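The chain below stands alone and is given in structure tokens; this is the form predicted alone.
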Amino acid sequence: MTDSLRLTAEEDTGLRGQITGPVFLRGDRGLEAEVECFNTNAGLPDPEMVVGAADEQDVCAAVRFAADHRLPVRVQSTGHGPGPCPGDGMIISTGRLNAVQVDPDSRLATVGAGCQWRSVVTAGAPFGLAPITGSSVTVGVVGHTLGGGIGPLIRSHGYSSDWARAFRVVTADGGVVTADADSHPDLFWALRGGKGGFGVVTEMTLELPYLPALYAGRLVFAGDADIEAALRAWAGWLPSAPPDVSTSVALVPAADGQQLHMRFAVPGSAADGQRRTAALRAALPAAAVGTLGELPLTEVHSIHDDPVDPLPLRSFCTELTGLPDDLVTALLARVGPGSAAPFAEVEIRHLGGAAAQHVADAGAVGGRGGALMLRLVLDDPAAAPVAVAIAADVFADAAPVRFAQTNVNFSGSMSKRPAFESAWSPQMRARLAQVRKTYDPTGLFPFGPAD
């Protein structure tokens, strides 16, 4: 898209007559509330127009209007992800498209574009069905899955996008296509990990695996010695970890200094989980507090206990091929107990397992071959200069084991070229660019660096 046009009330009248949901022009009362994001780090968007879509036809009408008026279109559901704060164009808010339907016989869930993971978790649980959700159940299902989707069951069940079976998409001409393995397979491939720039997804079909039992929870370690011992024990256990056991660790501030949270998620009964994690648990300090046991599917959010209220979050993230002992030492020195590092969380997630397996028609997930995800999370904008410097040092320490790509949901704002280019291999980026050109030839849906 080129220069967008300044809208007038007269030009806007025609769209309001076609839209069931609310339509806001810049300055209208209610616009700010419509575009509030969970991640407040980038500030409040200031687009020329916001359409609060109430149904798919609203999206179609909005896209056609935007194309006629040369308004770039961006889509927002929960606003968890990082990104630029648009000062032009149109935002289509999809939060009202939040219907969920589960067919227990086919194990398929039909999910609206504004649905959050907690709604799918709740809908599937009575049937013993569990979506491959993110760690936070307040994240939008579609946005999370479009980037691949890493959650607490990443090693046993892979990426969220591995379970996507179809998408309904409003394309740049305002028409609707269904993308699945048989229809528009190029678009179906791109939507499973390629994130954005293809159109507006209004609905997605997900397969829900049968998961009658889940052994999960977390252990918490306090005190410098126990934190170090637990982290080293976990790092030493990783190479022999069973492929269906998903774990992660996080260094977090505490009233008396720092804690290490170790999270577990293992499909199966308590006896199954205890057996699969026995070697690790035997190597851990005995002073841990917390609970491991069979966890109801509706409580999957408690594994990570992510915040649910808006925060000014900034993440520094990279994938790793391993966690050698010298990197553990460096991490403890830079961000561990006594370091005074300003991060709200320093997290390492174990990937691999089903996430690294070659699956037929795997989609456009970037970073699939990484063994671990290292993420430093800041929630205090005033500490950004210090955090940037520490993160750079941490990544320099990790240079020998840094993986070539970092999954797009964690790599940062796609308006920044380094983040964009780190999210996929050059070959995958080229293929994604071709799909975007096919379905959005004029660049109505901006995605990636502007330069």
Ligand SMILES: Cc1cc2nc3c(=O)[nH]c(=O)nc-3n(C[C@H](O)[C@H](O)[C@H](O)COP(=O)(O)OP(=O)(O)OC[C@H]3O[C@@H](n4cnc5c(N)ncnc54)[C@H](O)[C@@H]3O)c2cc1C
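As the structure is a computational prediction, the values presented were derived from the model and not from experiment. We number the residues from 1 along the sequence you see.
Note that the form predicted together with the named molecule isn't included here; everything after this is about it.
The partner is not drawn, yet in the predicted bound form one stretch among 69-77, 220-228, 171-179, 255-263 has residues with heavy atoms inside 4.5 Å of the named molecule: 69-77. Among residues of the shown chain, residue 207 is not one whose heavy atoms approach the named molecule to within 4.5 Å in the predicted bound form.
Remark: residue 199 counts among the residues lining the named molecule in the predicted bound form, judged by a heavy atom distance of 4.5 Å or less. Although the partner is absent here, residue 364 is not a contact residue: none of its heavy atoms lies within 4.5 angstroms of the named molecule in the predicted bound form. Using a 4.5 angstroms threshold between heavy atoms, residue 238 stays clear of the named molecule in the predicted bound form. With respect to the named molecule in the predicted bound form, the three residues 155, 267 and 356 uniformly fall beyond 4.5 angstroms at the level of their nearest heavy atom. Among the residues 318, 248, 135, 161, the one placing a heavy atom within 4.5 Å of the named molecule in the predicted bound form is 135. When the named molecule is considered in the predicted bound form, only one residue from 368, 195, 350, 184 comes within 4.5 Å through any heavy atom, namely 195.
Counting a residue when any of its non-hydrogen atoms is within 4.5 Å of the named molecule in the predicted bound form, the hits in 92-120 run 94, 113.
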